[in-house]
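Read the single chain below, which is given as structure tokens and is the form predicted alone.
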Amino acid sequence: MRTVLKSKTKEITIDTSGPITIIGENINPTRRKKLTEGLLSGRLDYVFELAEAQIAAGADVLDINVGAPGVDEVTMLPLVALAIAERFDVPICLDSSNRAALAAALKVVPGKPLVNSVNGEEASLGALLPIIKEYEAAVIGLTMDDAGIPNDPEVRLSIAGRILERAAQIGIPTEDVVIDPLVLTVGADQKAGRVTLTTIEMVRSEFGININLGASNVSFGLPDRHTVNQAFLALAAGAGASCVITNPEKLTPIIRAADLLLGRDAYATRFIKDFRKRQALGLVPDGTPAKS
């Protein structure tokens, strides 16, 4: 299954056969005081810094979230999304549950963006799917509903089916729906990772569609979060995830390695290219023996 996203002139395809598509998560004011201050003042210099750094680190798509106290999403989401789309030729992921903000942004963003996200709640489906259809965008569907996030993979599978069914009823193609099986922190429930991995396998087997993950949630509240995130990404790739919303500056290497080991990188081309880029930037050892 192929989900095609577009910028002004570029296409990015999320493909169930890989390689994994990387959506950069860093344009998000959560725990970023500097970004919040910039959004409140209308200064976008830091937004552009974050965008450029993520693209350089391997992001295929940029997630844009402007939700912060005091920020007018209806004004700022289209403003920031359009500014990034004009400056960087990369598809956009509009990250908001605010219908008015999404509608305003979808009107101005060129190409075919991804919307993050709808879920199985009746209010979400009724409010957001029609505007996604109207602007012919793609959408991420979260496996939660009015009862919350279920701990049973079978229930998450049924929610995914409901989202796909409702999307199809109003004419959104199946390939334009990317399901996010959700992951909770293993620090609170040691089975949380296994539930998500099982859900990935079941959704892929049942529907054959693309799977997205917000990978960093799994390690919340734990020490050495980076190691946990790396391990989970590798396991999720093996289970069938084809798209991740993550920090490319930290996790692109593990994603490239996972693609290589899953046979999705002919002659290790992408892995070696990424390694050499990081090596040139001094982010990996240059292989020179240490002096004794």
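What you see is a predicted model; the values in this text were computed from it and never measured. All residue numbers are counted from 1 along the displayed sequence.
There is another form of the same protein, the form predicted in complex with another copy of the chain; it is not shown, and what comes next is about it.
> Thinking of another copy of the chain in the model of the complex, which stretch from 28-36, 261-269, 65-73, 43-51 has heavy atoms inside 4.5 Å of it?
Replying inline: In the other structure, the partner sits against 261-269.
> Looking in the model of the complex, is another copy of the chain within 4.5 Å of a heavy atom from each of N119, P130 and I170?
Replying inline: Zero of three within 4.5 Å in the model of the complex.
> Of P153, G187, G161, P110, which residue is found within 4.5 angstroms of another copy of the chain in the model of the complex when only non-hydrogen atoms are counted?
Replying inline: Partner contact (heavy atom, 4.5 Å) among the options: G187.
>> If the cut-off is 4.5 angstroms on heavy atoms, which of these, L157, A138, A104, V218, is the one near another copy of the chain in the model of the complex?
In response: It is V218 that has a heavy atom within 4.5 Å of the partner.
> Is P253 close enough to another copy of the chain in the model of the complex to count, meaning some heavy atom within 4.5 Å?
Replying inline: Taking the distances in the model of the complex, the answer for P253 is yes, it comes within 4.5 Å of another copy of the chain.
> So in the model of the complex, does L197 come within 4.5 Å of another copy of the chain, heavy atom to heavy atom?
Replying inline: Close contact exists here: in the model of the complex, L197 approaches another copy of the chain to within 4.5 Å, heavy atoms only.
> Does another copy of the chain get within 4.5 angstroms of any non-hydrogen atom of N247 in the model of the complex?
Replying inline: The answer is no: N247 has no heavy atom within 4.5 Å of another copy of the chain.
>> My question is simply whether A147 lines the interface with another copy of the chain in the model of the complex - judged by any non-hydrogen atom within 4.5 Å.
In response: So A147 does not count as contacting another copy of the chain.
> Of 217-237, which residues get within 4.5 Å of another copy of the chain in the model of the complex if you count heavy atoms?
Replying inline: Those in contact are V218, L222, P223, D224, T227, V228, Q230, A231, F232, A234, L235.
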